[in-house]
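Below you'll find only one chain, the form predicted on its own, shown as structure tokens.
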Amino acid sequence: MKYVDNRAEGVKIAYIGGGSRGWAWNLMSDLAMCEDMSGDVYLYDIDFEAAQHNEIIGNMYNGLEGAKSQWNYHAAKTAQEAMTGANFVVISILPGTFDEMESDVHTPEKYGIYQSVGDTSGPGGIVRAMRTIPMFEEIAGYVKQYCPDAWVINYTNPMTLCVKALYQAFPEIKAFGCCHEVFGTQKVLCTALKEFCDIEVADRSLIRVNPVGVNHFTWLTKATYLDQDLFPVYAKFAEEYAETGYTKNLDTNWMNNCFVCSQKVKLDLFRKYGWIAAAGDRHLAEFVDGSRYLKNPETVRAWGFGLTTVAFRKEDLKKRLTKSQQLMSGERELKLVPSGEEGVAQMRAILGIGGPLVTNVNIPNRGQTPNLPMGAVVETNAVFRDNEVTPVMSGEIPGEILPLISRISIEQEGISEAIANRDLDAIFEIFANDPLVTCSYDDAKKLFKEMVMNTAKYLTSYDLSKL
């Protein structure tokens, strides 16, 4: 890599999960619209054919009207080829297949346990972590061997445990996890400003926030627009829409969309605790007692959000596979569309060509959140600049929400250690005590064994005979 006229040329990006039919296309579009970076992207995926398809699509972006930089895409057959000498490593993988995820999400329903996402917390998140963490240990080993100075950007869930695994396997790694959930809450604050103050905010990034907590259960202890404190505005918004939810910006069939919510969970948490929950309702619901928002499908519907079925995800994958074929053949037009993600902006800031950037990330606690365990992965703001990512001191988590967040953080630390040791007994005890596991202890044992055996082919490093 070299710098020419304040441009970074010859940047090498290794994309782990490079056969992605979603995240990869987002990155391609964002890179093509970036005028001060260029280079090569190596796509590494266990599905080599999928990576080859993305190589074709990625190189097509260079010919689009409005493309401002040249990126050469290569399908890599080995991790060594993809990662040797990389400046950045992007991780966006599906740990297993949707069949394993189907078990994560839906097997607990036999015991009256419902999950709205099932990839971060609860029984689904824990079992997913069992197969994901060994994969991340392997990826960290590749980074150590092939590109120890690279910056590693993770998008895979369970976010906290993935980032933790990278640092446990390679303590000197330069890794962080990115999640756009806080961005959605900034947009909700823009809506509240428009609704109650008639103030139009041009971009959600103009809403300055102080996030604290853990991924997907992040809270804001400060939110401002210019010099205006937004907590009083949000309080009015919560009182107005707590019962009905806010659905004005949603189409008439919004309840048929698994990923849409009416903000009722978020507003309920604000009214209970006085602080702004900064994630989507589907995620927030999974971090509190299962009887509150996820008791059954009727309860979920009453709270104005949906259960994201794996059948929906499988059907969506079919559509994206068709889209991939249509993009390669030219049957569907390829367009430059900003993704709304900040990965490229983070790269630019790290390379020193984009100026400092402040945004929320997931990194180990170095004291930025004083009343959570040191070393635990937490979500706060960080400053990106000149080959460093420095956490912003978020201050202590307020007492009203500290018990909720610290319980989760301690559980995640325990899960991380238990999986690192491949200790099935320790994993199960945490599983049985998760707030979403509302069945009896004996039933929890049956559920755990069934879920683990359903994903056994990805758990070869565990002694499953002990179950």
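We number the residues from 1 along the sequence you see. Remember, predicted model here, so these are calculated numbers, not experimental data.
From this point on, the text means the form predicted together with another copy of the chain, which you will not see here.
Chemist: Is T322 near another copy of the chain? Define near as a heavy atom within 4.5 Å, in the predicted complex.
Modeler: No, T322 is distant from the partner.
Chemist: Is the gap between N26 and another copy of the chain in the predicted complex 4.5 Å or less for some heavy atom pair?
Modeler: Close contact is absent here: in the predicted complex, N26 is far from another copy of the chain, nothing within 4.5 Å, heavy atoms only.
Chemist: Could you tell me if K295 has a non-hydrogen atom within 4.5 Å of another copy of the chain in the predicted complex?
Modeler: Residue-level check for K295: yes, a contact with another copy of the chain.
Chemist: When the contact criterion is heavy atoms within 4.5 Å, does M1 count as touching another copy of the chain in the predicted complex?
Modeler: Because a heavy atom of M1 falls inside 4.5 Å of another copy of the chain in the predicted complex, the answer is yes.
Chemist: Spot the stretch among 137-145, 123-131, 152-160, 272-280 with residues whose non-hydrogen atoms come within 4.5 Å of another copy of the chain in the predicted complex.
Modeler: Of the stretches listed, the one contacting the partner is 272-280.
Chemist: Give a yes or no on whether every one of S38, S92 and V117 sits within 4.5 angstroms of another copy of the chain in the predicted complex by heavy atom.
Modeler: No residue of the spot touches another copy of the chain in the predicted complex.
Chemist: So which of L336, A302, V383, A242 reaches within 4.5 angstroms of another copy of the chain in the predicted complex, heavy atom to heavy atom?
Modeler: In short, V383.
Chemist: Please identify the residue among K110, K194, K77, K222 with any heavy atom within 4.5 Å of another copy of the chain in the predicted complex.
Modeler: Checking each option against another copy of the chain in the predicted complex, the one that comes within 4.5 Å is K222.
Chemist: Going through 208-241 from first to last, which residues have a non-hydrogen atom within 4.5 Å of another copy of the chain in the predicted complex?
Modeler: Contacts from 208-241: R208, V209, K222, T224, Y225, L226, D227.
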